[in-house]
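The chain below stands alone, shown as C-alpha cells; this is the form predicted on its own.
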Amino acid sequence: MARNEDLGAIVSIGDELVIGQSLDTNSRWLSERLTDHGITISEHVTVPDELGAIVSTLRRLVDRSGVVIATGGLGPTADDLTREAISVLVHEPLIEDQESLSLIRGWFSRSNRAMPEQNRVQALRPSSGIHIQNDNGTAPGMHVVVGGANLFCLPGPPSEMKPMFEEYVGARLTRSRERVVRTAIFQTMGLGESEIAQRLGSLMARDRVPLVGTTASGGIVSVRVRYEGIEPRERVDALMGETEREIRAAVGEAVFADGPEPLAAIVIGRLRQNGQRLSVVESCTGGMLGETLTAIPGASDVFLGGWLTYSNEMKERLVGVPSELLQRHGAVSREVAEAMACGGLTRSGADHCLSVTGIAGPGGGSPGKPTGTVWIGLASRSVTSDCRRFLMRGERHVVRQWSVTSALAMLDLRLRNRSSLGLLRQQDP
C-alpha cells in the first residue's frame, strides 16, 4: 500500500498495556491532537516489550502512514527496547548523544543524586535520529524519518509525553492546505444508544458525509460528527450545520452539552453562573459523587462537601433521617432519599443537595427492591424536592457510576429550568 501522508498511527509499547495491568490513556489524547492537525488516525496498536513485535509493527505503519507516534519503551531497563527497535528499523547503529547525556546527568544532579550508570543507555539514538528534550524526566524522545514518514518516539508517562508533543511534535506536523478536518460532539442523557441510533436513522450511514456515530459510556451517549476532506470551508460549514440541525431535531431534548466537557464540569459551571452552592449525602456510591465533583478544577467555588452515610445509624446521626422512616420504609426508599437530601440541605446551608441510596449489589436485593434499585433525591431552596427511582443493571461499579451520572443529570436539568424530568426514567445501562 502506498503511503498516505495524511494518515497517522499510534503505537503503545509495553507488556503492562498488552495484559491489562495498566490503562493506555495516551492513544486517546494523541488521537485528538493529531486530528486537530488534520491527520486521520488509521490505527491504534498495542505491542509487548518484544523487539521483533515492535520492529515489525513500526515497519508496517511507516510504510503506509505519514506520521507514526510510539509511546513507551524508552526507560533504562532491559525491557525498554524502543531504541534498539529504531536502530533495526533504520539499519543504523546507536550512538551516544552527548547533549542528552548531559541533560540526564543534570536531572539527577538537581535531585542531589549521581546518575546511575544504567541511565546512560537513555542517551543513545540512531545516527540519523534527533533526540527530543524531556524537561520532566530522564527519557529523551526521538524523531527519525523512515522512507519519508515521520516517526516520533515519546516516553510513556503522560506527564512527560504531553509537553514533549506540544513543544516539539506539534510544531513539526504539516497540514495539507486543502484538507479540512472538523469534529463535533453532542452529549445526551436519558435515551439508550439503540434508541438514539433508531432516531438518527440514515444520518448514521457509514458512507455519509459528514460521518455520524455514537458512543455510550457511564450512562451518557455521545453523538459524534466528523468531516475529513477537501471541500471548501464554506461548504464544510454548511454540511456540519445541517447535520447538527438534523441531530437536534431527532434527539435534541436529550442533549445536555455541545462538546466533550464532563457532566460534572457542566453542573459546576451552571452553579457558578447562578451563584449557587451544592452539597451531597451519599450511601451506596460511597463518596463517588463527591469525588467526581472535586475532580473538576475550581469545584471548591460551588461544592461545599457532604456526608458519607453508609449505615442507618449515620443517616440518622449526621443528616437527621428519622429512625421511624428507616424502620417503616427501609434505607432504599423515596422517603429516606428525600430526608437525606433535605437534611443535607439544612445542615450545609447549600442551595441544592443531592442524595443517593441504593442496592449496588451483587447481593442485598429482594423481590420488592431488586439489586440495582437506586433512589436519588434532590432538595433545593424554594423548590419542591424531587426523588426518583432507578433500576440499573450491571456489576456493582456500573450501578454506582450510573447513580452518579443520574444524580448530576437531575441537578443539571433543574439548573436549566427544565420543568420536566421525563427523560430521567427508570434506566438500564
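A residue's number is simply how far along the shown sequence it sits, counting from 1. Take the two forms, find the largest set of C-alpha atoms that superpose within 1.5 Å, and that set is the rigid core. Keep in mind that this is a model prediction, so the values were computed, not measured.
The form predicted together with another copy of the chain is left out here; the points below concern that form.
* **117, 313 and 396 all contacting another copy of the chain in the predicted bound form, non-hydrogen atom within 4.5 Å** => Each of the three qualifies.
* Contact stretch among 28 to 36, 382 to 390, 366 to 374, 65 to 73 - heavy atom within 4.5 Å of another copy of the chain in the predicted bound form -> One stretch meets the cut-off, namely 28 to 36.
* To do: Work out which of 249, 230, 171, 78 lies within 4.5 Å of another copy of the chain in the predicted bound form, going by heavy atoms.
  => Exactly one residue meets the criterion: 78.
* Asked: Out of 214, 133, 128, 274, which one falls within 4.5 Å of another copy of the chain in the predicted bound form, going by heavy atoms?
  -> Checked against the cut-off, the match is 214.
* To do: Would you please decide whether residue 303 lies within 4.5 angstroms of another copy of the chain in the predicted bound form, comparing each non-hydrogen atom pair?
  => Contact check for residue 303: yes, within 4.5 Å of another copy of the chain in the predicted bound form.
* To do: Give a yes/no on whether residue 219 approaches another copy of the chain to within 4.5 Å in the predicted bound form, heavy atoms considered.
  => No, residue 219 is distant from the partner.
* Should residue 417 be classed as touching another copy of the chain in the predicted bound form when contacts are defined as heavy atoms within 4.5 Å? -> Result no; residue 417 lies far from another copy of the chain in the predicted bound form.
* Asked: At the 4.5 Å heavy atom threshold, is residue 348 in contact with another copy of the chain in the predicted bound form?
  -> Flag for residue 348 set to yes.
* Residues of stretch 355 to 390 in contact with another copy of the chain in the predicted bound form (4.5 Å, non-hydrogen atom) -> If the 4.5 Å heavy-atom criterion is applied to another copy of the chain in the predicted bound form, 355 to 390 yields only 362.
* Asked: residue 95: CA shift of at least 2 Å between this form and the one not shown after core fit?
  -> No.
* To do: Indicate whether residue 308 shows a C-alpha shift of 2 Å or more between this form and the one not shown, with the rigid core used for the fit.
  => The answer is yes; the displacement is at least 2 Å.
* **Core-aligned C-alpha movement of residue 57 between this form and the one not shown, 2 Å or more** => Where the cores coincide, residue 57 shows only a C-alpha shift between this form and the one not shown that is less than 2 Å.
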